[in-house]
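Coming up is one lone chain in structure tokens, specifically the form predicted on its own.
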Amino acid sequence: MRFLMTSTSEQAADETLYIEMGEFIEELTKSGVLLATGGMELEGSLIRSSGGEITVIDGPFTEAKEAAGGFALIETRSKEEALEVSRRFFKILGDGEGRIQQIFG
């Protein structure tokens, strides 16, 4: 099962965070759980289709602290395992919030 994890963080990154997160990412990559990871721009663009009309609206749409700033694409045997990966991630990251969504196909 594949899941997309997105996260926001209230913590400022420091050397300890980079080291611990690097070790966590290396562990997940070696085990085959982590397929991709990266940061995301906070603003983005909204693309809306209505009645054949395509509209593009440039962000930001929310306060920066509420916008997802990073993602990880993971592959696990179950949703419970994906949630455990997320719990471990936030133990390193600290305060913030995230979302996990199963990817189909």
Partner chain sequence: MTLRRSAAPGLHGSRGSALIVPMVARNAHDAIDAVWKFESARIIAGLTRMVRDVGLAEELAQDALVAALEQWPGQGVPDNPGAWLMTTAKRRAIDHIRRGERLERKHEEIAHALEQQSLEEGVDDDVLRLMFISCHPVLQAEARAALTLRLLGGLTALEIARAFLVSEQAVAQRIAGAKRTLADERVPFELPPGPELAGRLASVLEVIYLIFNEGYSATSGDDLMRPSLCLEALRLGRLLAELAPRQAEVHGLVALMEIQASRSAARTGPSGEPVQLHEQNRGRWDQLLIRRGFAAMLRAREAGGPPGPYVLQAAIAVSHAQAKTAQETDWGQIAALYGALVRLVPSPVVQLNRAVALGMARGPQAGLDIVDTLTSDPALKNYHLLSGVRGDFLARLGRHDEARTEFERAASLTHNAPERAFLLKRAATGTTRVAGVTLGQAAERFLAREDLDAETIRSYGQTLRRMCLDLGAGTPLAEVTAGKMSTVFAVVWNGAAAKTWNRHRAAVRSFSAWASVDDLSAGLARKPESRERRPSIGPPQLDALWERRDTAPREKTLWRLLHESSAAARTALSLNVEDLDLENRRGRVTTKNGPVWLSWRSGAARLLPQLVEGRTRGPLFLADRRPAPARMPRPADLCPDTGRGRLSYERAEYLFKQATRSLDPSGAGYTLHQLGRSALDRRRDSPVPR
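Because the structure is a prediction, the values reported are computed rather than measured. Positions refer to the first chain, counted from 1.
Keep in mind the form predicted in complex with the partner chain is missing from the figure; the text below concerns it.
Contact check for E97: a heavy atom falls within 4.5 Å of the partner chain in the model of the complex. Residue contact check for E80: one or more of its heavy atoms lie within 4.5 Å of the partner chain in the model of the complex. The closest non-hydrogen atom of V85 lies within 4.5 Å of the partner chain in the model of the complex. The partner chain in the model of the complex comes within 4.5 Å of no heavy atom belonging to V56.
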